[in-house]
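Just one chain is shown here, as structure tokens, and it is the form predicted alone.
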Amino acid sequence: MKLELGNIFIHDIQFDDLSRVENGVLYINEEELREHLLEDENISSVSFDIAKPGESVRIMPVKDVIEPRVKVEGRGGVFPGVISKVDTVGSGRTNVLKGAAVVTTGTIVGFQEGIIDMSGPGADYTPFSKLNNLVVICEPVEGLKQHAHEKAVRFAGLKAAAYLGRLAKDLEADEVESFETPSLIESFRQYPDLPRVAYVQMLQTQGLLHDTYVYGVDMKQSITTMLYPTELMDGAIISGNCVSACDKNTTYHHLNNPVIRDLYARHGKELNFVGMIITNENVYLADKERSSDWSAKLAEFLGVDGVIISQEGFGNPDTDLIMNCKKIEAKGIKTVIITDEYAGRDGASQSLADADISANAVVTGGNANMVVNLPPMEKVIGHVKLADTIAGGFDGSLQPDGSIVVELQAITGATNELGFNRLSAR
């Protein structure tokens, strides 16, 4: 399967009477987009703001981050099973508004939501400080239950991203990237002497606002399966969870998964990237055993020499991570795991809740318990008082001068377990 991404570089966002993309500027008609999002009866109000790199702006609590994309050629549409019909995606041409993003915020849904600072020390910990962000502030109708609230905000962000993406449908791309995964037989023929490598992506599916959706299906209802990596680039997987902000995979992370990009970059040179396996992170032991058994079985079926495994979340999912690792290693397949650490503020505690001798090749995204001081910003988009209650915050996190003392856990993407961050250790 082959997918081309047509990147249209966005260096500014402005509100205007006509929504369009012109000379690298994304213009947005606020009222038109607001009417589109208010079609959801569960949302009482929608407002918009803009946050640009380097500005003294803080966004919180952040629900999701989404990159605007649109199908130009090929089957299906972006975010299939949610915004578009349920067609298999991952082929043809998709245009991307590169450098722009939709960020959703508003009244908090679950306490594990985070902070994006556009400048200052906090900006160094999140990749989203480097983007031109349209912030969508959604407030629910009175009395709306948490799960319905989460769904309403999730859909609002996806609808906003799809709306912006459609503005690029007929534009000529500034850059075209090409990604292709051949059939298993063809991949053997092309690179018989290169080590065969697969990617196992663990998806957060613990329920209670900890969900991830694949083609619109809650992944905890599915068994471990295989996807073409290019399907992610068309939005086959979307975030629907409120796990700790530091290691949550937003929809933007799925669309731009760096593990997949790095494996494609080395494909045909250092290794033979044969494809990917997606598996869930359920709560009960029987479900964990089933899913990890299937991960190992599929890795063996693909005939690979090595596997990269990425985790999402911490604590309970550490068990899934180690199960996947040791069972795949038991098949004679080398593994590298990507995780982060909750090692205490002094870094002296056990980093993971589970361990095994087979987990001897580890990439870490950093210690989520490390404490940082975020200075006050001139402008806050959202609700700053939630600093004391979000995961990573505590009573007294919000200082009288507007600064916030929190663990990295509270910063969106700070210790991301796809390696989509700037922290690691050797």
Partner chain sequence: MAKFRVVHYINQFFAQVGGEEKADHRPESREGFVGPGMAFNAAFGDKAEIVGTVICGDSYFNENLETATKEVLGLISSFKPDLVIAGPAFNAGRYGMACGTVAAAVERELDIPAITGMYKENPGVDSFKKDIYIIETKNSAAGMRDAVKVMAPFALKLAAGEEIGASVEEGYIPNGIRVNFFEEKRGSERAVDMLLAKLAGKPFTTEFPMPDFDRVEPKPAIVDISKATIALVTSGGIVPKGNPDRIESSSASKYGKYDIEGVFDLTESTYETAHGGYDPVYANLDADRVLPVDILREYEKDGKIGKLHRYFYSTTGNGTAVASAKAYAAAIGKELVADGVDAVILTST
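Note that the structure is a prediction, hence the values are computed from the model and not measured. Residue numbers count along the first chain shown, from 1.
Only in words, not in the display: the form predicted together with its partner chain, which the text now covers.
- Considering its partner chain in the model of the complex, the lone stretch of 167-175, 154-162, 193-201, 230-238 in range is 193-201 [heavy atom distance within 4.5 Å].
- At least one heavy atom of N360 is located within 4.5 Å of its partner chain in the model of the complex.
- Within 4.5 Å of some heavy atom of its partner chain in the model of the complex lies at least one heavy atom of L423.
- The shortest heavy atom separation between L418 and its partner chain in the model of the complex is within 4.5 Å.
- Heavy atoms of E270 reach within 4.5 Å of its partner chain in the model of the complex, making it an interface residue.
- Here is the short version: of I185, V86, L208, A330, the single residue with a heavy atom within 4.5 Å of its partner chain in the model of the complex is L208.
- The single contact residue among V72, L144, V217, V336, judged by any heavy atom lying within 4.5 Å of its partner chain in the model of the complex, is V336.
- Taking its partner chain as it sits in the model of the complex, the stretch 290-321 comes within 4.5 angstroms of it through a non-hydrogen atom at D305, G306, V307, I308, F314.
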